[in-house]
Ligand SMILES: Nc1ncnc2c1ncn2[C@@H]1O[C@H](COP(=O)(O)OP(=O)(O)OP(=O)(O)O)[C@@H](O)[C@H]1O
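Next up: a single chain in structure tokens, the form predicted on its own.
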Amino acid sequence: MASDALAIEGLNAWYGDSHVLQDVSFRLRDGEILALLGRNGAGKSTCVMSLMGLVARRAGDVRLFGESVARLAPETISRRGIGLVPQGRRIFSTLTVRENLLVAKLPPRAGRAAWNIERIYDLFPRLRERERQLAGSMSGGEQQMLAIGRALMGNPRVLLLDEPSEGLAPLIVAEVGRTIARLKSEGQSIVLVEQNLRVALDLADSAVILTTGRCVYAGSIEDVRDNEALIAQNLGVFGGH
């Protein structure tokens, strides 16, 4: 039976006086994809930022393969093995593709195939073609590929993807989806924050639904797919469902 790659217990987060996340708990099994779903403003990105230690006021526990990382600094959490592809990509626009990748390089993990530049270029051949191009001059889809590649260069045990299909053309969304599926097939554990419900339903093994900072569902993705009332009440009609 697969172990828990990530276990979240009673996660709370505040922005100023606003209690944005309230006692959120869920588990990500090793080698699986968990979709973190909810309407805009539900707390999904805050949850991801909290897992990385990027929210100043937070409480609760975050365990990475059984080891608590909840009190660690973001850079330490990254070194322990949580990688983030942030919403909006946030690539280094004045660096080349190659420089963006090299700046994020961390040592490989024991027992896992190492991510290096050549392996990233095999995953995203377009990045090889753009190797010496300034990242800020690339298309949105190419920048998203670079953001994913940059996170993988940290050799993460768990990868957090925050809205990877946002603002992309349908053909590029499909390409990103195929990439995520390939990463899963290679054993990568992933938390996928996604407004495109169809993408989430196609890729994920399990799901968590947030509504105004609270977890209203945690379970299999099949139960979400088959529950139109749950979708309508908590997600609305979006993402081509």
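Because the structure is predicted, anything quoted here is derived from the model rather than measured. The first residue of the sequence shown is number 1, and the count goes up from there.
What comes next is about the form predicted together with the ligand, which does not appear here.
None of R198, R58, R39, R27 but one reaches within 4.5 angstroms of the ligand in the predicted complex through a heavy atom, and that residue is R39. Here the chain stands by itself, but in the predicted complex one stretch of 200-208, 65-73, 41-49, 175-183, 41-49, has heavy atoms within 4.5 Å of the ligand.
Within this chain, E142 is remote from the site of the ligand in the predicted complex, having no heavy atom within 4.5 Å. The ligand in the predicted complex comes within 4.5 Å of no heavy atom belonging to V224.
The closest non-hydrogen atom of Q87 lies within 4.5 Å of the ligand in the predicted complex. Using a 4.5 Å cutoff between non-hydrogen atoms, V20 counts as a contact of the ligand in the predicted complex. Contact annotation for 156-192: a single residue, E163, has a non-hydrogen atom within 4.5 angstroms of the ligand in the predicted complex.
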